[in-house]
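So this one's two forms of a single chain, laid out as structure tokens and tagged structure 1 and structure 2.
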Structure 1
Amino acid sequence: MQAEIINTGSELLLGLVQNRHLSHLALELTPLGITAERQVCVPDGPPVREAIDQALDRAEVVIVTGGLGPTSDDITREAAAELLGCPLHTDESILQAIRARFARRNLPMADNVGRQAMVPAGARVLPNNFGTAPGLYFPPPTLGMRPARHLFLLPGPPRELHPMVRDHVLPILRAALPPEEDRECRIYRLTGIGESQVESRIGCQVMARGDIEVGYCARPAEVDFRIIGPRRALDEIEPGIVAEVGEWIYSRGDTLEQSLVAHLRAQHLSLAVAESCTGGSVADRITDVPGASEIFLAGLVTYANSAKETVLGVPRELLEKHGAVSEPVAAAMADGARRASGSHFALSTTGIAGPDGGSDDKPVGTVFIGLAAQDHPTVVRRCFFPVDRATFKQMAASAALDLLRRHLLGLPLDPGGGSALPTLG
């Protein structure tokens, strides 16, 4: 089943607010077998009516966000009612609820607020427990000229929209839908390999079958490889995918740090990190995961050489002889973090994020990544990410997390060598 998303609001087109509606709605609808085939953002005004009209021509589910509020630029309700020829009437129970809401907060209620109690004939009211304007649902029978269409008008603020989707829109669609097709979307998340490599190693082969849709999404240091098709076909090709790119697959959905934290928690293992060039981003990503405190003991961001000495116990001679960005210092940092925290594992990063500070021998983008483990000699990998500073931090942090993942799974620590093994978790 196809859906179209219409987002109204000049603040979106002015760039003042990020439009997160598409992402939220798509993630909610996809498991029902409903795919967003188009999303459009139009300014408040006449384009709203036109956009609804065109979307109803194409898609079975049309969801409009925004424009239900009290101010003069909120015209979604009126545009839909006019387009569908449904007269508007005031719903007394909504009006009461709005009055009660203002009274509870001791706020005066402006006249224009009452507009939000207007309901087009035939539309069903979707209660809003987190704001003033209720949502509206036009079930197929109200739309005589276009059968089997579902039109939803929903509020724009995410904290009103999200619960309304969960509590009202999804149950309505679940009830209205034919039994789900046997199609599935699977996502393999990879790190340490490029998008074009994924395609040449396995993507082309999958696509040649003809019955599976293939997609890629590349982010710094990461690629999502996506296949959509009949469940049986996906099951069939899965062994081939694992054989070809299995060692780079870190999860089927979780972030790299989520899968790592879950693995360490399950094994009752602890981690510390010593960061220089990544500047805290490894620690930041690990502590984004709820429950990270069970496994994460300390992150030591030793930016200055003096801090590498005093906090991590890196010998001054090592720093003077090899420089802070070097294999021996990366090893000493990882050892020092493990010693200081008493953790099972410690990762370290030292490199040149740029834009300045590079040399012929160690150009901007060079990074050494260390891993100290209680059950293994300390290892160091040298990587090269000649990109902007922010991307460098992200790629180096991912490479550090991936080094531990590979160690935990017994995979070759230098990607490219080995064969397939299971993902974390």
Structure 2
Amino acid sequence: MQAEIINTGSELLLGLVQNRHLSHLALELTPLGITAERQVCVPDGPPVREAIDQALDRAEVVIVTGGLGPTSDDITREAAAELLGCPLHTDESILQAIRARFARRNLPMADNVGRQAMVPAGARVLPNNFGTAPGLYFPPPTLGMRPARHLFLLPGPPRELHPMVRDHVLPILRAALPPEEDRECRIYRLTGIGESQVESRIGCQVMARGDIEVGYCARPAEVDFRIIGPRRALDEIEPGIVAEVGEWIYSRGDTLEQSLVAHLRAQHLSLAVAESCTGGSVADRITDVPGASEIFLAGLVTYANSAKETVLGVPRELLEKHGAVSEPVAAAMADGARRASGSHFALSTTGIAGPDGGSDDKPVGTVFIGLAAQDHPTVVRRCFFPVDRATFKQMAASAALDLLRRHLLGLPLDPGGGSALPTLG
């Protein structure tokens, strides 16, 4: 099946809101063998009618996000009803649910809010447990001369859209797929290796088979390796993928921080971090994960040398002799964080984010990452990320998380296949 995604909202075209709907929807549809062939973004108002009409001519699945709210520019529902010749009527059960929602919050309900209870004839209501506007599904019989089509109108806010897709859209589409459909999408998430290396190690071999689609998505310090094809074929090649790039694969769907927190929780181990150049990025990513409170004890941002001394106990002579951006200081920071928090592990980062401050032996982009562990020598990795300041922080944080992941799994601590150096201190 082919899908077309229509995102409505002038705020998207004005750049006021980042449009992330395609990414989420495509990731959900692809495992079903449904490919998002086109995305269209239109402003609020009348353009949505033409966009739906054209999309139904091209794609078997059309998903529209946004424009189901109560204001005058929210006309997705009305535009679709007019296009398909489906009269609107008020669904009293929806209206009562909206009124009850406002009453629970002790809020007044404006008259125009009731528009969200209007349902086109023949459309199926998709309940919205996280907002007032329900979604709508137009099954093939409602689409006139286009019987093999499926049209969904969904709310725009991600907190409403995502559960509606999971709980209602995907089950409908899964039931509509041919019984013999066995195509699957598998995504291997890697860090510490570039997409060109992934391609040369395994991607070219997989693509040469001819029955599997191969794709890559590169992000700072990470790569997604994607394969789509018959489930039998994917099962055949998976052992080869793991053999070639297994040590760089951190998950089949989770983020790096989710994967790491899961490892620590499973082993009842704790973590603290001491950050300089990353400014709290490592702690931020860890604490984004539900359940992080079970394993995360402390995040210390010791940006100034004086803070490294007073908070972490880094000896002044180390700072004066080697500089704050150095292997001995990274080790002392990690040791100090573990000592102060009583954690099983501690990570540290100290580097030069730029654009100024580099030297010949420590150019901008240099970062030292320390790992202190209970009953294990402290180790430090030196990395080089000559990128802009924000990307540097992201890549350095990923490298720190990956260093601990590798330690936990007994992998070489250097993604290149070597080991991190023991500390000099």
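Definition used throughout: the rigid core is the maximal C-alpha set that superposes within 1.5 Å between two forms. None of the values given here were measured: they were computed from a predicted structure. Counting starts at 1 with the first residue of structure 1 and goes up one by one along its sequence.
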query: Form predicted together with a further copy of the same chain - structure 1 or 2; finding: 1
query: Core-aligned C-alpha movement of G246 between structures 1 and 2, 2 Å or more; finding: no
query: Exceeds or equals 2 Å, Cα of R99 between structures 1 and 2, core fit; finding: yes
query: After fitting the core, F130 CA displacement of 2 Å or more between structures 1 and 2; finding: yes
query: Core superposition result - C-alpha of L32, shift between structures 1 and 2, Å; finding: 3.9
query: Cα shift between structures 1 and 2 at T90, which is computed once both forms share a superposed rigid core (Å); finding: 8.1
